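What follows is a single chain, given as structure tokens, in the form predicted alone.
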């Protein structure tokens, strides 16, 4: 087994992270820019944190190209809200387009050919083509530095959930109908078209 020290170039550490933590779910985060235009960007350092309150977290890094904070956290810290949109296989190409580093104020909805949809409780718009949306209020964040490659954790409380009706089966989300997509290393995207089932060994199971 080969071992590596993590005190070197952050780019090496990043490669180890994205090559090891697989597959990674994708949060496509929509926010409002300062002038009211839309911003959309995908983040694959993303997870759930709490069920009650319902909390999610994602981790944007400082831009490696400019050393500046990304537009998404900039907007969240100002507006105190955002929307998490989920990726399904039919929209993966358009979601990939939202990763383009456009000038601040340029609308990623237009760039990617996605349709903005008004939210019910926050001002940020949802992605109509996405099958699941979480409307979120900003809760808190931790920062680990302000140099290129440094990350932060941003948490949001989910105050409204929207799910396409065709995905639901007895109140649960049908994975086959959802067709979720994850991220891998480099340019890899990972489809959820093959799974195995193992009985969980916990005494109390929320899933049942």
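Just so it is clear, the model here is predicted, and its values are computed rather than measured. Numbering follows the first chain given and starts at 1.
There is another form of the same protein, the form predicted together with a small molecule; it is not shown, and what comes next is about it.
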Practice problem: Choose one stretch from 157-165, 41-49, 135-143, 171-179: the one whose residues place a heavy atom within 4.5 angstroms of the small molecule in the model of the complex. | Solution: 41-49
Quiz item: Heavy atom to heavy atom, is residue 10 within 4.5 Å of the small molecule in the model of the complex?
Solution: no
Quiz prompt | Exercise: residue 59 in contact with the small molecule in the model of the complex, heavy atom 4.5 Å | solution = yes
Self-check item: in the model of the complex, residue 71 touching the small molecule (heavy atom, 4.5 Å)
Solution: yes
Exercise. Tell me, yes or no, whether residue 99 is in contact with the small molecule in the model of the complex, where a contact means a heavy atom of each within 4.5 Å.
Key: yes
